[in-house]
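The chain below stands alone, shown as structure tokens; this is the form predicted on its own.
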Amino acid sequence: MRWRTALSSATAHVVALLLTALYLVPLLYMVMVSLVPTGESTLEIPSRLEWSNYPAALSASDFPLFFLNSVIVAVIASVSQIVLSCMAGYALAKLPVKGANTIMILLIGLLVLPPEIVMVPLFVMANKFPLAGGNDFFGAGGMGLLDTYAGLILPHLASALAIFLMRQFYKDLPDELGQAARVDGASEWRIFLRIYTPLTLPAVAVVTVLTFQSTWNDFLWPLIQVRSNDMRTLQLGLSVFYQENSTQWNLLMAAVILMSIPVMAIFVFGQRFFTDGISAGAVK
């Protein structure tokens, strides 16, 4: 019996090590390529570690401007999704909303739709936005929200996944908390802000990390709607390393590693809440 337990434990450890290697090998290769001197092959061990690739990658284009654009878009989108998903999740879970079940079915349906499907409607909405970017009241005559911060943030203001997650967390909180607060004369806003929402911090951390990561790494929507160099995000800025006949892989990998630092910092900062939220969601 004891040898079976030991064999099972050893098998689990081997599988865990293989899965870890599956993720670590590409990451280590990316770090190695970022340190390859210019002119050397990226398929061989570099003759020396070229740390100057990192400052060279940052100076290759307007990366401070691209970084600022990405931060503005990711922060505003994260705050918007947290606020709207908390309010919508609370309403669907704790308030007598007419058609709440139908709304939930529609939200779940949105989760399975690939984002590429809505790119054309989103582009038309941004281009025809009334009274913006030179447009008249009927959305004609100008560029609308194209090539603006508002246009970059528009698709990330709300998320079906964030609303679904928050609704599930609010639904599992006991109704007696709200009933007791109402007996004491608390308003619905006070119950939402002071009673229930502080108990959903793990879920808020999950929504924050997922939203920041998806917005930070978004490439397709900025590629479609950004026209000027001043509105480029970091993902679009990477195109400077692509040339007609070759690609500067060492500088490209150095830039990608530097771009990953804010997302990793967000995860490390909210790691405790994030893992609590994932664990709580797994047992619902």
Partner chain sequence: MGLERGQRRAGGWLLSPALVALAVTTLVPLAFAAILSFTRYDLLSDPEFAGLDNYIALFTDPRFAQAIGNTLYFAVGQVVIGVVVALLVAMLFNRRLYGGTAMRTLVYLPQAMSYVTVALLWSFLYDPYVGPINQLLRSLGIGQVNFLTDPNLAMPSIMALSLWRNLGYFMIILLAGLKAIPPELPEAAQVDGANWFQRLVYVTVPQLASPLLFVAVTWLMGGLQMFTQSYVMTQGGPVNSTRTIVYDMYESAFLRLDIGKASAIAVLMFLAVLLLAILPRIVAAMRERSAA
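Positions refer to the first chain, counted from 1. Note that the rigid core is defined as the largest set of C-alphas that superpose within 1.5 Å between two forms. This structure is a prediction, so every number in the text was calculated from the model and none was measured.
Form predicted in complex with the partner chain: not shown, discussed below.
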| query | finding |
| --- | --- |
| Contact test in the predicted bound form: residue 29 vs the partner chain, heavy atoms, 4.5 Å | yes |
| Contact flag, residue 217 vs the partner chain in the predicted bound form, heavy atom cut 4.5 Å | yes |
| Partner contact for residue 242 in the predicted bound form: the partner chain, 4.5 angstroms, heavy atom | yes |
| Non-hydrogen atom contact residue 198 with the partner chain in the predicted bound form at 4.5 angstroms | no |
| Site test, 134, 151 and 228 vs the partner chain in the predicted bound form, non-hydrogen atom cutoff 4.5 Å | no |
| Selected contact from 143, 103, 75, 177, since only one has a non-hydrogen atom within 4.5 angstroms of the partner chain in the predicted bound form | 103 |
| Residue (of 35, 223, 58, 65) lying close to the partner chain in the predicted bound form, criterion heavy atoms within 4.5 Å | 223 |
| Heavy atom contacts to the partner chain in the predicted bound form at 4.5 Å, residues of 13-44 in sequence order | 13, 15, 16, 17, 19, 20, 22, 23, 24, 26, 27, 29, 30, 33, 42, 43 |
| Is_shifted residue 251 between the shown form and the other one (CA, 2 Å cut-off, rigid core) | yes |
